[in-house]
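Single chain ahead, written as structure tokens, the form predicted on its own.
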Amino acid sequence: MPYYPKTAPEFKSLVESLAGKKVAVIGHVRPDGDCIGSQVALCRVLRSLSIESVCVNQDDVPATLKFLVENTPFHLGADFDFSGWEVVAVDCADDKRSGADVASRIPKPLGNIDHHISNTLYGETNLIEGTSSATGEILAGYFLDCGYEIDSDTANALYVGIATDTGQFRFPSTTKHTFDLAGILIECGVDLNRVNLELYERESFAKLELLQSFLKSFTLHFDGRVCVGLLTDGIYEQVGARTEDSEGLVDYARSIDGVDIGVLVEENAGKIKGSLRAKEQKYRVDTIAKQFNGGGHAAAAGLNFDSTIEEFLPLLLKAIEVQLENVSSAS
């Protein structure tokens, strides 16, 4: 029985249309495990089909994910000449999320493969599975449905995408479908010991200092239903951390007993990056993020906004308050 009976045939047609072309697989800025994992996996499968392919991202691969690209070509957007290359985007909800160094220099993507329900359908072929936990889950299903080879490196990449975007299989988007595909990937050669070591046992001391600062900033709102944590301007330089070190911090805010929505608000030179995580999908944090040029999933969303924390936080809290009232009135 196929995993994606409706869209897998479209994926196969897309892949067949790439024969004889050079393909750059792009992802989003500040890439996470699902982004890098999906880029690597698709690139490797295309190359196994004799389609020249490379991965390109505006930002470098985070340190904890570098093991995924050991055997796969990966380029920085600013250094890559897109002339003569077609593009397929993965895990990228809109055409601006690939970053200024990439978005302004690429043709319209031939393919757009994603699991964000806020995807703007910017590709020639748009393969969006909004109920899937990760783009890695979608690609795993596509590869199996189409009979494409999944070697151990590809299996590692897909598994990392699923494991990270489900919060180690804890988030509401995790389903039997997710576990079934993860199990098959393990059979395909996932090195669980190395994956877990690289993802969860190589934290830098600077990241722990960043976490300490984030935890100290916590404030509770709306009778303890919302927890907000801050990363203030200059904190990365202060503790010697990298921007990638903020990955996963928002989950600490959500993990508090009684909290329905956890929030991370980061300020950097007059620009805000926000992450919202809900314990239940009914809170539709993607609709909150959308009010600030963001988007994502019902229980996990992000945003980027030109502002300062002082100006932005009251606006965000008001939007969250309205959403909480809407959920309560609908119950």
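Here the structure is a predicted model, which means the values were calculated and not measured. Quick note: we count residues from 1 along the sequence shown, nothing fancier.
Missing here is the form predicted together with a further copy of the same chain; even so, the following discussion is about that form.
Note on contacts: among A100, A78, L121, L220, the single residue with a heavy atom within 4.5 Å of a further copy of the same chain in the predicted complex is L220. Interface residue among F82, F171, Y236, F74 relative to a further copy of the same chain in the predicted complex, by the heavy atom within 4.5 Å criterion: F171. Although the partner is absent here, E203 is a contact residue: one of its heavy atoms lies within 4.5 angstroms of a further copy of the same chain in the predicted complex. In the predicted complex, a further copy of the same chain sits within 4.5 Å of a heavy atom of Y159. Mapping the unseen interface onto this chain, Y148 falls outside it, with no heavy atom inside 4.5 Å of a further copy of the same chain in the predicted complex. When a further copy of the same chain is considered in the predicted complex, R254 lines it closely, a heavy atom lying within 4.5 Å. Remark: of stretches 148 to 156, 125 to 133, 211 to 219, 101 to 109, the one touching a further copy of the same chain in the predicted complex is 211 to 219 (heavy atom within 4.5 Å).
Contact residues in stretch 307 to 321 (any heavy atom within 4.5 Å of a further copy of the same chain, taken in the predicted complex) are absent; none meets the cut-off.
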